[in-house]
Ligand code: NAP
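Given next, in structure tokens, is a single chain: the form predicted on its own.
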Amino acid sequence: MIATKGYAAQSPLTDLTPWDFNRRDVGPHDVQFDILYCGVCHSDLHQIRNEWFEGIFPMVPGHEIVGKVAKVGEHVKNFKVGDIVGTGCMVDSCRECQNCKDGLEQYCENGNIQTYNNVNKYTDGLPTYGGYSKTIVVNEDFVLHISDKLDLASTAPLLCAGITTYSPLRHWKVGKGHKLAVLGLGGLGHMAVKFGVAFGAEVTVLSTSPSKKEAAKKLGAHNFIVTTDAQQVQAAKGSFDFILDTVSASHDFPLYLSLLKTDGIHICVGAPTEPNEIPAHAIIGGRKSVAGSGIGGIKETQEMLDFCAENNIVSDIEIIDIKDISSAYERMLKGDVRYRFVIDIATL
């Protein structure tokens, strides 16, 4: 076993504190990499607090992980010591179901293995621990190459916030000639704006906060609508081909669906803790669709990282000391971050 240090929640009622634990030894197909940076995702807080489901404690969060390879297994061919690599939201899957064979490991029919707060039933049967830690061991098939063209700290959030927005935009072929609305301008939303613009769509940010207009334009958004302004909402009705919904709180679906054109698609990537209501009449008129999307598969995530390297796209971040994680969570809940916290693991 490999002794390492991390930050863990011992229960849903406690703050994260230093915790020593063990990683598995490096197997024939494993890559061990020392972690340099780890992004802070809103889902980290959801899981620590048992807001989605009962967690496995102690819990070491973190699934936006960037580091440098320290050791590789004897059968590993695509990675070597010293490579800069990353791991996102999952570290294994069954490899046998149709979705896995199609490169959709995120939708593994037998359940993918999450980077933390999960048990790896396909290998050792032990709990998984995430990136708020010094080192990690991951099967080579779930490790990603990261270009030296990219700022590493700013790349970390691409492994969740990036791929969560890139994947649906690619799946629905959003691009030139489309009008895309991005609902919410946070960690996910700001990446959706960057990708939407890069793909050639006309991008509008929908927000309840007028103060975010300047920031949206700086990110490249062509338009900005304050959704609490009835006049602006009325003027935008029936105007969008797609809405990419990044909001993780309950919101007014009929209002946003009214902004879609005929055959428009409202794509949910945010995960509210409370259910939303979608009246039938809100989608029947206009033959509108409500869809959902998770992260991308490994092949698509590598494609996204390569696209970002070629187009100089990274997340806008604030680097923090790991001892400040609790205050970072408090600020995140208030929306007081532009747009993603990233932990400098050297502070651990």
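Just so it is clear, the model here is predicted, and its values are computed rather than measured. From 1 onward, residues are counted along the sequence shown.
Only in words, not in the display: the form predicted together with this ligand, which the text now covers.
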Which one of these stretches, 204 to 212, 139 to 147, 125 to 133, 232 to 240, sits within 4.5 Å of this ligand in the predicted complex when only heavy atoms are counted? 204 to 212
G286, G27, G294, P58: which sits within 4.5 Å of this ligand in the predicted complex by any heavy atom? G294
Can you pick the one in R170, H251, H222, K261 that has a heavy atom within 4.5 Å of this ligand in the predicted complex? H251
Would you check whether this ligand, in the predicted complex, lies within 4.5 angstroms of a non-hydrogen atom from each of S43, C160 and L185? yes
Using a 4.5 Å heavy atom cut-off, state whether V269 contacts this ligand in the predicted complex. yes
Using heavy atoms and a 4.5 Å limit, would one call T246 a contact residue for this ligand in the predicted complex? yes
Hey, in the predicted complex, does P18 get a heavy atom within 4.5 angstroms of this ligand? no
Quick one: is P12 in contact with this ligand in the predicted complex, heavy atoms, 4.5 Å cut-off? no
